[in-house]
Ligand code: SAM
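Take a look at this single chain, the form predicted alone, given in structure tokens.
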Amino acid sequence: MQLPASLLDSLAGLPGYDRSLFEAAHATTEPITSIRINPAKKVPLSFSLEKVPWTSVGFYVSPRPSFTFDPSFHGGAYYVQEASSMLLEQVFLQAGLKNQPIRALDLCAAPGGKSTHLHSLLAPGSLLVANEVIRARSGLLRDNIIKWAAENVVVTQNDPTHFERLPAYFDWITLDAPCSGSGLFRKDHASVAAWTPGQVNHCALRQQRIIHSAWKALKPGGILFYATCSFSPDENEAITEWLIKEYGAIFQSVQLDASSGIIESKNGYRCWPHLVKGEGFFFSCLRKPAAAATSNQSIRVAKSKPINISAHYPSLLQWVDLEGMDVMEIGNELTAFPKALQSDWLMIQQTLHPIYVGTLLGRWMHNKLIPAHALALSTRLSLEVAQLPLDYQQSIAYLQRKKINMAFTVKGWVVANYQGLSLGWLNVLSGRANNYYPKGLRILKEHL
């Protein structure tokens, strides 16, 4: 791989940079595969795991398996995520937010790696808003939130400037900023040819615009986790230095194991591929000064009117455990969301463009309530729902949305599961079963 000379020259003098080792890492080292386990879905996995040292739930996987043909992947048992980006966990834990309910925002969230990771770290009673501005990517974000069984999340599709409508609202903001992507050259060889210094400058200006909006939405005393997958200092140290000078941001140091190979830089930390078992990554923890008080009291919030399920939809009680949840009717869909977060949901409704909230329970089709895929994958699924264990081949057929060849001993709505992990719904009729796995999620390949 021939790296851009202008990139190599721009890195000279940065802590931890060694040009020859850096080039050698890109020329000889295979990309590293890592996954993050879902604490809410502990199931056995079929491949060997090696611990990622800076997270409690991350593991390296070698050789890389076919995730497409692993039912556990489709059931949300784990997320395939680059190991360096899992350093978010150390920042969050050391920020002292783990044991208190907070409002958190992932501003540029798709495809959902940092959102699902952050969700696993949040204390009960917390709210997570996962936002993506690009429509196509916001759908992927929603799908990954559903697989993760995240019930206290609102997925939005908004420009970062729209979050200025929620001043001083969030205790934590993750900003994995759009960048030139040089840190992922080993995974994406095509991006090497597209890299230019002009692209770096363009990204840096966009990062400043996004931060301007994010900073307004952050509470005084709140934490901004800023990160990029770029090596360029103009997108990293220069940005954090600008944030400190422009807004009075306070850099918060993070204690890391010296053996990790992570290098402290100016107002941040760097992962170099010749020092860390992971890809290129920069991150910084920045606190908003406590004196920078603003208010969102001008936003008027209507009172919530949850549905009386026992009176209107008693059959739903056979499918779902609704303890601590309110059920809302949105169009032709029924959705559950934590009671304690109803005022937040109503405020978000009035200020942003939500595309998914809580746990979708079901939707009306031809005057019948059809259970939602999200319910099958959630932790709210009632124990009364019949489970249909599938072997590996049957599970793959189900995920391909094909006919399941087996004898059915139950009728009605049942959940297909693989090794105890729910995959989705089947409607068993006389002698056959209709496969309700979502068409947009089905495995398109026929074989490995």
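In this text, residue numbers run from 1 along the sequence as written. This structure is a prediction, so every number in the text was calculated from the model and none was measured.
Form predicted together with this ligand: not shown, discussed below.
In the predicted complex, this ligand sits within 4.5 Å of a heavy atom of residue 79. Taking the partner from elsewhere, residue 75 is found to have every heavy atom lying beyond 4.5 Å of this ligand in the predicted complex.
In the predicted complex, this ligand sits beyond 4.5 Å of every heavy atom of residue 121.
Mapping the unseen interface onto this chain, residue 248 falls outside it, with no heavy atom inside 4.5 Å of this ligand in the predicted complex. Exactly one listed residue, out of 83, 360, 243, 133, brings a non-hydrogen atom to within 4.5 Å of this ligand in the predicted complex: 133. The partner is absent here, but in the predicted complex a heavy atom of 114, alone among 114, 165, 219, 147, sits within 4.5 Å of this ligand. Only one of 343 to 351, 366 to 374, 104 to 112, 320 to 328 lies within 4.5 Å of this ligand in the predicted complex by heavy atoms, and it is 104 to 112. Taken together, the three residues 171, 254 and 287 lack any non-hydrogen atom within 4.5 angstroms of this ligand in the predicted complex.
Residues of 152 to 185 that come within 4.5 Å of this ligand in the predicted complex, judged by any heavy atom, are 160, 176, 177, 178 in sequence order.
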